[in-house]
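Only one chain is given next, in structure tokens, and it is the form predicted on its own.
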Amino acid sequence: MIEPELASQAVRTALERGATDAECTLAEGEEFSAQVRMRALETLKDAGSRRAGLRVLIGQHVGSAHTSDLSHAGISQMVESALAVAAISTEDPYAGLPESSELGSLTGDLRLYSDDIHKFDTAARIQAAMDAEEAALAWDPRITNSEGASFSAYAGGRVFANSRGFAGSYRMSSCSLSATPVARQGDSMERDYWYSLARSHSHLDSPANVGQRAAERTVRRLGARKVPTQKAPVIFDPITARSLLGNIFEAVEGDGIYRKASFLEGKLGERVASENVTVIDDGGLAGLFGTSPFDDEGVPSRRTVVIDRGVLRSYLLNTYTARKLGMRSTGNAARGVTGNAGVGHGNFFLEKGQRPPEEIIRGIRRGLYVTELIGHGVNIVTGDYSRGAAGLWIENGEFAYPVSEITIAATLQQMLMDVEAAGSDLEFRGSVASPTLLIREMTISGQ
């Protein structure tokens, strides 16, 4: 782990040389990835990095610099570069660090790091990817090809200090395993994938499970057809429903709000969704992928209810956007190692409901179950939504046949109001998560 004092020393040096405020981020990490395809190793990466970033203020003039040279000379040069940029920058009346009273860190073990990430050597990591691909290839004779399988791992640490008296650090680890088989039946050729992601190797799904799940998802897409253009209920599976949560995040993050570039701007306290929709951002959930003890400005991570049973309760803000809006930071500052902080999320999710996904599906006489979304036809300013999709057609509560080459369309405003059910199957496979979601009606464009 990088010595935390190095960040504090960079801050002190900046103040000694004329800065009125300063903040420093240090980050180090070891990255590993192995990609195999058709039982052969294609790519292998094993690399480490160490970086420092400094942001200084001279009054309300801001300058930033970064370096990978963590020697005394390298840090000194970084300080001089940041000060030189600040000296020629335009004054920003909203620039500044958080108030001292806003700074702090969550205590206790957040389970962000596991030593077992290092106990799985290179050969075993490659073999895990091989085994996942082999499980997919062996699952069904129609699986005749593969776009590959991969194993990746990361272990690193982060240090942050500022001139308001804050200094903190934490370590983190993660690993993932994925497979993407290809199936053929007559003229139909389809691909799909599955993956597992965990903070520790011991919590990863087995290669056999990952490969077989990927194979199941791929084979069920064979023989896909279009459906006639119509309006019908649409069910998003948990993977595609996550993209809707991503759209909601874009609509509530502070940059878009103060720029008036969101359909949710000015809607605090208003009903914006059905009562089945409660959206939460929580950066303090132990062991998850959006968790950290503090944000990238030194403000403690926290739980923020964004939408409460359909009513918009909060935006997500860093210090800068909070000042622009006359509010307070929600602990959502995010950045790399340098520059002004943007707005990010912790664990951003839609609360699960009571109904299992199978029950939701059984309740649909005719509709679409979406397993893949294609393209980027979402306008956060207006809420217009139109995306390519693939999935399974539902007839009388059962999957009837696969569908593809269709488009689903509505507005995000109407989609949120039309959420009839959230499933009981919430599972975190990343920092954004959603259960199965049933939308009452969308326009499906096909034949």
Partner chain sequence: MPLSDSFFGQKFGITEHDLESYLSEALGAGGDYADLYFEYLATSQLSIDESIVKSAVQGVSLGVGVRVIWGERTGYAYSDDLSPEKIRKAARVAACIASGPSKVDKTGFVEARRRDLYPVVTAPNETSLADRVELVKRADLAARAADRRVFQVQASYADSLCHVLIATSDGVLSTDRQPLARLGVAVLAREGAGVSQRGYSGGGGRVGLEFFETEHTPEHFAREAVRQAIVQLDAVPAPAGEMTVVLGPGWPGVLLHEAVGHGLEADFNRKKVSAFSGRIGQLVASPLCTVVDDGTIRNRRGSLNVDDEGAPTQENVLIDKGVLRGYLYDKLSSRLLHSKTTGSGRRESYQHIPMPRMTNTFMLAGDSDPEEIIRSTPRGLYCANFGGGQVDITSGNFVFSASESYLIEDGHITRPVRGAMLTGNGPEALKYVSMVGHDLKLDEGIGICGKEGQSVPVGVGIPTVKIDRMTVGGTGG
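In this text, rigid core is short for the largest set of C-alphas that superpose within 1.5 Å between two forms. In this text, all values refer to a predicted model and were calculated from it rather than measured experimentally. Residue numbers count along the first chain shown, from 1.
Form predicted together with the partner chain: not shown, discussed below.
Contact with the partner chain in the model of the complex, defined as any heavy atom within 4.5 Å, is confined among 344-352, 369-377, 281-289, 202-210 to 369-377. Looking at the partner chain in the model of the complex, residues 43, 64 and 381 each place a heavy atom within 4.5 Å of it.
Contact annotation: of the candidates 125, 242, 323, 221, the single residue with a non-hydrogen atom within 4.5 angstroms of the partner chain in the model of the complex is 221. Listed residues 71, 107, 229, 101 were compared with the partner chain in the model of the complex; 229 is the one with a heavy atom within 4.5 Å. Although the partner is absent here, residue 118 lies well away from the partner chain in the model of the complex, with no heavy atom inside 4.5 Å. When contacts are judged by a 4.5 Å heavy atom cut-off, residue 191 counts as touching the partner chain in the model of the complex. Using a 4.5 Å cutoff between non-hydrogen atoms, residue 338 counts as a contact of the partner chain in the model of the complex. By the criterion of a heavy atom within 4.5 Å, residue 358 is excluded from the residues contacting the partner chain in the model of the complex. Of the residues in 171-188, only 182 comes within 4.5 Å of the partner chain in the model of the complex through at least one heavy atom.
After superposing the rigid core, the Cα of residue 43 is displaced by 2 Å or more between this form and the one not shown.
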